[in-house]
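Take a look at this one chain, the form predicted alone, written out in structure tokens.
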Amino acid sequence: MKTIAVILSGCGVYDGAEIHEATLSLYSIAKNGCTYKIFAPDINQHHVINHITGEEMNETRNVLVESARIARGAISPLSDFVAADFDGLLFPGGFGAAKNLSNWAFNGPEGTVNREVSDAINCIVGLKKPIGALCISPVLIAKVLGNIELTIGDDSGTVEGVEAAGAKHVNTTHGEVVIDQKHKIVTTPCYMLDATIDQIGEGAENVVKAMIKLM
């Protein structure tokens, strides 16, 4: 049975992993005959956002601990990740990808990616195994790999950013995936568009199915 590693960035769209995208990705992996193991870096979040008001809160939270809420406690620190143990790697979206797994939200293509995250991406690609990325998380792949083909939907500002990082962007709509055959990268826009939860499920499953075909 194929196993996909899933890297989370916290819990909640504005400061962590987008919960619908994360959950529906896990569901799609299981539905399509694979298993998964969940990881997150053991670091503090950039900040904590009140998801009702959108305002920053005066507290500190840990990305691994918060991600464990989605994983129901079955999670490992990203430092334990070994690419050879997995058949693919998947990143749900949420602003945590751009705030905790990288600083893209603040520095765009001039920013940096967390070292454990970039190592995971490079190791999987080096082993010629597929990577799936939803919503904003393709910016991680663009920053680490540069010259790849991907999508983040049709947001012009983010498109400019990923192209400045060296990637080729393809505009897409709900549920569509873009596959970079050379590097085995599969991306879909999800909540980068004004999406409904069923459209998120469709996008997540299409990513997983495409990854399985590339394995």
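One-based numbering along the sequence shown. Because the structure is a prediction, the values reported are computed rather than measured.
Not pictured, yet referred to below: the form predicted together with a further copy of the same chain.
*Asks:* Using a 4.5 Å heavy atom cut-off, indicate which stretch of 150-158, 164-172, 181-189, 28-36 touches a further copy of the same chain in the predicted complex.
*Replies:* Result of the contact check: 28-36.
*Asks:* Check whether residue 23 has any heavy atom within 4.5 Å of a heavy atom of a further copy of the same chain in the predicted complex, and answer yes or no.
*Replies:* Residue 23: contacts a further copy of the same chain in the predicted complex.
*Asks:* Check residue 72 for me: does it contact a further copy of the same chain in the predicted complex (non-hydrogen atoms, 4.5 angstroms)?
*Replies:* Taking the distances in the predicted complex, the answer for residue 72 is yes, it comes within 4.5 Å of a further copy of the same chain.
*Asks:* Given that a further copy of the same chain is not shown alongside this chain, does residue 43 nevertheless sit within 4.5 Å of it in the predicted complex, heavy atom to heavy atom?
*Replies:* Residue 43: no contact with a further copy of the same chain in the predicted complex.
*Asks:* Within 4.5 Å, heavy atoms only: does residue 177 come near a further copy of the same chain in the predicted complex?
*Replies:* Heavy-atom contact with a further copy of the same chain at 4.5 Å: absent for residue 177.
*Asks:* Go through 195-214 residue by residue and record those having a heavy atom within 4.5 Å of a further copy of the same chain in the predicted complex; state none if no residue qualifies.
*Replies:* Heavy-atom contacts to a further copy of the same chain in the predicted complex: 197, 198, 201.
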